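Listed next as C-alpha cells is one chain, alone, in the form predicted on its own.
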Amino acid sequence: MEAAARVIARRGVRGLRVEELAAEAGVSTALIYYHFKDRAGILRRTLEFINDRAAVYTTERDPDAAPLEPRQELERALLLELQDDEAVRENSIAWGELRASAIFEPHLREDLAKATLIWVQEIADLLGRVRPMATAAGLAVAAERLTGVVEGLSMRWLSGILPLTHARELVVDAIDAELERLGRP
C-alpha cells in the first residue's frame, strides 16, 4: 500500500499502472490482481491506507506527554496535516489525486465521502470539546469549513504557492474564527 500511495503521489490516479506499482512494491502484477481484483480495488484500498496512516500521525502521542487542552488538541489535529514529513506529503498528494480523480471515476466518490465524513466528525468532536454549548449543526459546519481549509492550504503548500509556515498560520487563524463564531449566542 505504501508503494501504491507513492505511485499515485508521483503519477496521479490516471497515471497509475499496475506494472509500475508491482515494480515499486517488488511483487508480481499477478499478486496485485490476486489481492485487489482490479484497479478500483487498488484505489479503494490505497484510500483506506492513506486514511489509516493519517490517523496514526495525527493521533499518536508520547504516552508520557502532558494531556492537551481541548483547543490544543484541535489545533494539533489540523496542523499535523501540514508538516514537512515525507509520509504526510505523500499522503496529502495522494489524497488530492484521489479526490480529483473522483470527478472522472465515480466509484471513488462514496469511499471519499465516507473518509471525509469521518474526518469532519472527528474535528466536530474536538470543536465540541472546546465549545460544548455549540449546536451539533454548528459544530458540523465549522468542522466542514476547517477541513476544507486544511485541504486547500495543503494543496497550495505542496504546489509551492504558499510557504508551510504561512499555511499553518492561516489554519490557526481559521480555528480562531470558527471558535469565535461557535461562541456567539
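It should be emphasised that the depicted structure is a prediction, and the values quoted were computed from it without experimental measurement. Numbers follow the displayed sequence, beginning with 1.
Just so it is clear, the following notes concern the form predicted together with a further copy of the same chain, a form of the same protein that is not shown.
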item	value
Option touching a further copy of the same chain, based on a heavy atom within 4.5 Å in the predicted complex, out of A54, V120, I42, V130	V120
Listed residue that, although a further copy of the same chain is not shown, lies within 4.5 Å of it in the predicted complex (heavy atoms), from A134, L158, I32, L126	L158
4.5 Å heavy atom contact, P70 and a further copy of the same chain in the predicted complex	no
Proximity of L21 to a further copy of the same chain in the predicted complex, heavy atoms at 4.5 Å	no
Contact of L80 with a further copy of the same chain in the predicted complex (heavy atom, 4.5 Å)	no
Exercise: R76 in contact with a further copy of the same chain in the predicted complex, heavy atom 4.5 Å	no
Segment that reaches a further copy of the same chain in the predicted complex - one of 62-70, 24-32, 145-153, 44-52, heavy atoms within 4.5 Å	145-153
Sequence-ordered residues of 163-183 touching a further copy of the same chain in the predicted complex, heavy atom within 4.5 Å	H166, L170, D173, A174, D176, A177, E180, R181
